[in-house]
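Shown here is one chain on its own, the form predicted alone, set out as C-alpha cells.
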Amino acid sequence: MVNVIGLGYIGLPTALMLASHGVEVIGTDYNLGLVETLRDGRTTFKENGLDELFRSAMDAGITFTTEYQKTDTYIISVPTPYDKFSKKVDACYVIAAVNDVLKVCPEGAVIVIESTISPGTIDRYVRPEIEKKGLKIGEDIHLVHAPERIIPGNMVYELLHNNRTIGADEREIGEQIRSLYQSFCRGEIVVTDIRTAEMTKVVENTYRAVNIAFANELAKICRHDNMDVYEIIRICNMHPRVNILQPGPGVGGHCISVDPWFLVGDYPSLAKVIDESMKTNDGMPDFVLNRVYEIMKENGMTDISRVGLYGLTYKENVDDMRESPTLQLLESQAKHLGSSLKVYDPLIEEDRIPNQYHNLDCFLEDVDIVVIMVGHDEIRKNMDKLRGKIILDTRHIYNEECYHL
C-alpha cells in the first residue's frame, strides 16, 4: 500500500494514477473539506482527463483520509513556498509531513518526496529530523526524491508519458521506487542520487525561465525602437539551432516563477544570470501596465475603469491562479490608482477579486480596451466579439490589427 501525503495539484493526480494502475493507495490531506469532497466523488480542480482518472481510481478502491497510514511506502507531495526576501525554499510543510510519517511508519519504510525542493534540502532539513529521533537512515528509514515533471492543463498525459528521475541513497531502493512508478509511467525513469535529482528538477525550470526572460527582454528592446518582436523571433527561429520562446505578460504558476529563485537564494554570488532573468520576468506585469497607460494616452482616454483584463489564471485553459501575472499587475496598479480595472476569466467561477465579471459579453460591453493576458480557448473562438475594441494582445493570438507588448 502507498500513502500519498498532500492531495493538491500534484499529489492527487499521482495518487489517482497509481490507484488506477493496480496499486493500493490511500490519499491523506489535512484539509478535511478537500477530503470530504473527494469522498463524495468530486475532484477539487479542473484538469483535462482528471475526472475520468478519478472514476477509474475510485473503481479500483482508492480511499481518502486526514490520517497518516501505517504502510511501507509514503509519497509526500506538499507545497514548498519560498521566502520572497531570502529567495530560499521554505521546507516547513515537507518537514511537518515527514515528522507525521515518522509517528506511524514501520521500520524500513520508504519516504518518497515528490515536492520540488532546492538542491540540498533533504540533507539540510529532512535527514536531521529523522536522525533527531534516533532513527538510522538506510535501515530504519529510506529516503527518495522523485520530483514531479508535469504541467497543469496536460497533467494526465504527462504523468503517463514524461521521463522521470528517482534520487535515492541506495540503488536497490531507487530501483524499488522506479518499479512503483513504472506501474503507470511509460517514459524513461532514471535512477541517480538524491542531490542530483533535487538539482535536475530545479535546473529544468530555470532553463525555461531564462529562455522566457530573453524573449521578454527582446520584446522590451524591440518596443523601444518600434520593431516587431514576433517577426524577428519568427525569422531567427528559422535557423536550425535557434529556438526563441514567445514573450508574454509575466510568468506564473508554482514552477517556473518559483523554482529558479531557489538557486538564487542558495547561490547568490553565483546565480547572476538567473537572478537577472527572474527580475526581468517579474517586471513584465508592470511593463504591460505601462503599455496600457501609453495606449490610453494615445487614444485620448483617462478612465482606467474602461480597461479590461481578459484572463486571471497563469496560463491558458487551467483554473490555476498561483503567481498569476494578472494578479501581479492588479496589485501594482492598485498601489497607484486603486483597483479599478475590470477582469474576466471563464475558468474562475467564484468571485476572487473586485470588478470581476463572469460573462464575456457583459465584460466586453463595459470596457473600451481589452488586454489579452491569457489565451484561453474561449477568446480564440470569439475573436469576432473583440471588433471595435482597442486590443493589447500580450499573447500574440489576436488575428487582426492591435497593440502588442
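Since the model is a prediction, treat every value here as computed from it, not as a measurement. A residue's number is simply how far along the shown sequence it sits, counting from 1.
Beyond what is shown, the protein has a form predicted in complex with a small molecule; the following relates to that form.
- Between the small molecule and the residues Ser183, Asn243, Gln246, Asn99, the one pair within 4.5 Å by heavy atoms in the model of the complex involves Gln246.
- In summary, among the residues Pro152, Gly308, Gly167, Pro119, the only one with a non-hydrogen atom within 4.5 Å of the small molecule in the model of the complex is Pro152.
- In summary, the region of this chain contacting the small molecule in the model of the complex, judged by heavy atoms within 4.5 Å and restricted to 270-278, 249-257, 86-94, 291-299, corresponds to 249-257.
- Among heavy atoms of Asn205, some come within 4.5 Å of the small molecule in the model of the complex.
- Contact annotation: Lys315 falls within 4.5 Å of the small molecule in the model of the complex, judged by heavy atom distances.
- With a 4.5 Å cutoff on heavy atoms, Lys201 counts as touching the small molecule in the model of the complex.
- Looking at Ile212, you'd find a heavy atom of it within 4.5 angstroms of the small molecule in the model of the complex.
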